[in-house]
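One chain is shown next in C-alpha cells, namely the form predicted on its own.
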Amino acid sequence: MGGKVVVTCAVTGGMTVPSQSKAIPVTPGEIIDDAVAAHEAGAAIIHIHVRDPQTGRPVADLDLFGEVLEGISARCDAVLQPTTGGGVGMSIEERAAVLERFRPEMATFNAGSFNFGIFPVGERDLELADWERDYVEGTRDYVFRNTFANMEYMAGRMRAAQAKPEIELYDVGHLYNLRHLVARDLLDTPLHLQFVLGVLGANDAELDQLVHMLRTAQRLLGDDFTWSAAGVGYPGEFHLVAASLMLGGQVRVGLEDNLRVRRDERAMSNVGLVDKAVELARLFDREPATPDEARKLLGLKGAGAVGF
C-alpha cells in the first residue's frame, strides 16, 4: 500500500438519535446520498446501518438494507460493509440476517460484550422525541451482548457468506476473546481489526490505550492482521486518526461516531469528517486508498460476488 490509507466512513450508526444532529442521515435516500458523497471525498469503505424512515429509530429491516446497498452500489464502487452490531434490543439472529441475504464483501464482527451507555445524551438540553428519550435512557441498563455463543454463531454466518469480518474491539479483553476464536479455527486469518475506543462502558479514545491494544494484538496474534482505529466523540475521533496514521494503520470516521468537525463546528454531513481525515492523512504523506486498493489489502472477494 505504500503511502496509502484506507478510510472507512460510518455514515449513520445504531446508537445516535436524530435529535442529536440534523446531519444524521435517516431515510434510505439520505443514507445513499451521504455514502456516495463520503466515497467521493475519499472513503473506500462505507459502514452501513439503517433506520426507520419515519422516526429515525435504528432497525434491522432487510428491505431497507437492500435498498441502501443497491442504491450505493449503483452509484459508486465503494466496499459496502453492513453492520452485524445493529442497535439496542436486536437479537443475534436479526443482526446476522444481512449476511445470508446479501453476502457482502465485509461485515462487522463484535468480539465481546460490554456496557454501552449513551444515557448522558438524555441529560443534555435537547428536544428528544419520546422514543429517543426512552432509547438513550434505556442504555443505563444496557449490555451490548456478544457472548461466546453469539460469536460462534456469527463466525459461522460470516464463513457461509464468504464475508470478511472486521473485528470490532472495544476493550483489551476482546483481544483475548479473539485469540480464543482463532485458536479454535472459528475465524480465518489474516484478520482485520478495528479498535473502537471512546464508548462509555469500554476503553477510552486515548493514545496510550490505542498503543496498548495494538501491542497486545501483536503479542497475541503476531503480525497476521491489518488494523484501523475509530475514536468515538470529539476530539477522540481525530486524535485516533492522527495516531493511526503515525502508527501505520487505517482510519474510520463518520457521524455514527462523532458529530463535530472542530470543537466549535458541528459536521454538516459525513463529507466534512472524511475531508478532515484525508487532510490529516496528507500531512503524513498518505493518500486515500481506492476501493480496489482496499480490496487487495484486505483480501476481499470482490463486488461481483455479493448478493445485491
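Nothing here was measured: the structure is a model prediction, and the numbers come from that model. Heads up: residue numbers just count along the shown sequence, starting at 1.
The form predicted together with ligand KMH is left out here; the points below concern that form.
Colleague: Is there a non-hydrogen atom of Asp34 within 4.5 angstroms of a non-hydrogen atom of ligand KMH in the model of the complex?
Modeller: Flag for Asp34 set to no.
Colleague: Please tell me whether any heavy atom belonging to Gly112 falls inside 4.5 Å of a heavy atom of ligand KMH, as the geometry stands in the model of the complex.
Modeller: Answer no; every heavy atom of Gly112 is more than 4.5 Å from ligand KMH in the model of the complex.
Colleague: Is the gap between Pro165 and ligand KMH in the model of the complex 4.5 Å or less for some heavy atom pair?
Modeller: Residue-level check for Pro165: no, no contact with ligand KMH.
Colleague: Contact with ligand KMH in the model of the complex for Val196, defined as at least one heavy atom pair within 4.5 Å: yes or no?
Modeller: So Val196 counts as contacting ligand KMH.
Colleague: Please pick, from Val232, Val136, Leu175, Ala202, the one residue with any non-hydrogen atom lying within 4.5 angstroms of ligand KMH in the model of the complex.
Modeller: The residue from Val232, Val136, Leu175, Ala202 that makes the contact is Val232.
Colleague: If contact means any heavy atom within 4.5 Å, which of 121 to 129, 178 to 186, 207 to 215, 77 to 85 contacts ligand KMH in the model of the complex?
Modeller: That would be 77 to 85.
Colleague: On the criterion of a non-hydrogen atom at 4.5 angstroms or closer, are His47, Tyr170 and Asp257 all touching ligand KMH in the model of the complex?
Modeller: Spot residues vs ligand KMH: full contact, yes.
Colleague: Can you name the residues of 86 to 119 that have a heavy atom within 4.5 Å of ligand KMH in the model of the complex?
Modeller: Thr108, Asn110, Phe116, in sequence order.
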